[in-house]
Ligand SMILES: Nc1ncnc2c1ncn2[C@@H]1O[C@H](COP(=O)(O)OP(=O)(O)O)[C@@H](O)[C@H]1O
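Next up: just one chain, as structure tokens, the form predicted alone.
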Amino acid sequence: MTADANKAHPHDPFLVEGCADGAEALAVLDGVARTYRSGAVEVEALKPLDLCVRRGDFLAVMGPSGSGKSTLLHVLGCLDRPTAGRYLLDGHDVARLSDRELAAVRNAVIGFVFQRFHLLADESARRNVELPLLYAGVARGERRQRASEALDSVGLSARMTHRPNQRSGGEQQRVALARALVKRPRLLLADEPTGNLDSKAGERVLQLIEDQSRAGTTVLMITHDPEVAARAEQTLLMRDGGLSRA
């Protein structure tokens, strides 16, 4: 993309000249690809692609099953490393980080919300939300306070002691969202956050995600639902490991 095109489209999320060094760029993929090997067979899950996610963006990514959406999210979330290209996250070149450093950056910068809630069944809502802070070494008193505040922000202050089997799917997803937000992440990655919810519960979760976006959190959301994608500022399409604008 030319510099003139960048001026004409200041919120274009795709990689533009200078984005890799720009203060507004939170996550930059520069020629990033991901290939998996199964025996003698190589599967190109991500073709070399460029993407710039600026601070405050709210992006949705759509595409059919097997298109590379989850691989893209895993790379952006530092759950998987690219096999080619360069990934800059909040100014850090991911390839230069050790596993321990990468875990620390991931814990400090990124919040995750998945379709399957991944809550600990034997723990209360507050304990589930506290866990990322426990791993980060936050003191007990601060952990409890921040977990309580996060649960209050998603409307669950009265159900902090309830376990997952005592909550509806919508409530479980709100606990999962509170767990993501308790770290005060700069980047929120949501993978089909309404996929297991009825329309009413899904709407509430989407509204909470929108609220976070308006508060300044950068959001990238994977979805198969056009109505869900329409809540984002811009939708990107994935097909066969490639990325394009909707």
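Numbering starts at 1 and follows the sequence shown. Given the structure is predicted, the values throughout are model-derived calculations rather than measurements.
One more form of this protein should be noted, the form predicted in complex with the ligand, which is absent from this view; the next part is about it.
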property	result
Ser65, heavy atom within 4.5 angstroms of the ligand in the predicted bound form	yes
Heavy atom of Leu208 within 4.5 Å of the ligand in the predicted bound form	no
Contact flag, Arg179 vs the ligand in the predicted bound form, heavy atom cut 4.5 Å	no
is_contact(Ala45, the ligand) in the predicted bound form, heavy atom dist at most 4.5 Å	yes
Among 194-202, 179-187, 37-45, 213-221, the region lying within 4.5 Å of the ligand in the predicted bound form by heavy atom distance	37-45
The ligand: the contacting residue among Asn107, Ser148, Gln115, Thr71 in the predicted bound form [heavy atom, 4.5 Å]	Thr71
